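This document opens with one chain alone, in structure tokens, the form predicted on its own.
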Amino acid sequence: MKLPTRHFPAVLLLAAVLPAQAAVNFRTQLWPIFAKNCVDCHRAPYKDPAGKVIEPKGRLRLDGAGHIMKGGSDGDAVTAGDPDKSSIYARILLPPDHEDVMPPKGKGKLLSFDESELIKQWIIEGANFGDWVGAADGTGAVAVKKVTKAVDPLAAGAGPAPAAAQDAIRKLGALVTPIMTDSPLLRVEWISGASAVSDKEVAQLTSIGGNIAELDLSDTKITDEALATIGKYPRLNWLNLANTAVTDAGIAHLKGLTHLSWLNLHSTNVSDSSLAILTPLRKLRQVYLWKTRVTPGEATKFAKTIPDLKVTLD
């Protein structure tokens, strides 16, 4: 899952980072990311020049496989097979100024879209470290948890989207990719040229609507009319509408998206009225509402209506 404010690299780079068939290799693909962006704050205790012992932030170490799976003071950092329950992944998606974002402000740049997607895919595939062990001190009998990749219930009954239909969408400038290897479910986004995308382009997504699980329309020129189309996608569970002209009237079209778990409405014209519309969507787990007309009091009430829902207002 990504934030709308990030700038994305070219399509070719994404293809190079996420091979169509190869599983993510922790040693060669993920460890360099962790080493560069995370380990400085999440490593073995050490003494600074003044002799003060510096403990790993949140008691979480990311310098060894056993330490990663052991987790920290907040519990498990990685839940193999489930990115949404993995705090490592959740925190790299937070807004840049959020107190829990990783890497924290002043400690480095936010991870790129490619990097966050690699981490997501690695978790989905079972958080397999391969032959990488890293620092093993102090892990004792802690074992790296392994799981068999679960069958995605969201994909049940979905056949492959017609290749011709996917190609037609790509000709609109969209990037169309499987959400994971061999899945019939698709992610659709515009990593460039988003400002030229309107309701007309969204209407053409209907040909693969039954396969779309993740849709990024941030920074596009869509209106509420586009949401009437999107509201008919039966498997949609991730939707980014940040910095668009959608309003409460458009949100009303989303009431049938029973699988929706992640929604970004940053910098839109929605208000408290939209929260009542979203409340029946019981699978919602993350909703971003900063720079909207939603009031703090109603946002707090909304967050309490759905178990495990996190609402970010600022």
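A quick note: this is a predicted structure, and the numbers were derived from the prediction, not measured. So that there is no doubt, residue numbering starts at 1 and follows the sequence shown. Superpose the two forms; the largest set of C-alphas matching within 1.5 Å is the rigid core.
This protein has a second form, the form predicted in complex with a small molecule, left out of what is shown; the following refers to that one.
Residue stretch of 120-128, 168-176, 153-161, 98-106 approaching the small molecule in the predicted complex, non-hydrogen atom distance within 4.5 Å: Contact criterion met by 98-106 only.
Non-hydrogen atom within 4.5 angstroms of the small molecule in the predicted complex for each of Cys41, Gly72 and Ser87: Answer is yes for this spot.
Interface residue in the predicted complex among Leu185, Ile92, Ile191, Ile208, criterion: non-hydrogen atom within 4.5 angstroms of the small molecule: Residue within 4.5 Å of the partner: Ile92.
Contacting member of Gln29, Asn37, Gln286, Thr247, with respect to the small molecule in the predicted complex [4.5 Å, heavy atom]: That would be Asn37.
Distance check, Leu60 to the small molecule in the predicted complex, heavy atom within 4.5 Å: Close contact exists here: in the predicted complex, Leu60 approaches the small molecule to within 4.5 Å, heavy atoms only.
Non-hydrogen atom contact Leu215 with the small molecule in the predicted complex at 4.5 angstroms: Leu215 lies outside the contact set for the small molecule.
Heavy atom of Ala80 within 4.5 Å of the small molecule in the predicted complex: Heavy-atom contact with the small molecule at 4.5 Å: absent for Ala80.
4.5 Å heavy atom contact, Val197 to the small molecule in the predicted complex: Taking the distances in the predicted complex, the answer for Val197 is no, it never comes within 4.5 Å of the small molecule.
Displaced residue check between the shown form and the other one: Lys36, CA, 2 Å or over, core reference: Where the cores coincide, Lys36 still shows a C-alpha shift between the shown form and the other one that is 2 Å or more.
Is_shifted Glu115 between the shown form and the other one (CA, 2 Å cut-off, rigid core): Yes, because once the rigid core is superposed, the C-alpha of Glu115 moves 2 Å or more between the shown form and the other one.
Ala245 C-alpha moves between the shown form and the other one by 2 Å or more, core aligned: It does not, since the Ala245 C-alpha is displaced less than 2 Å between the shown form and the other one after the core fit.
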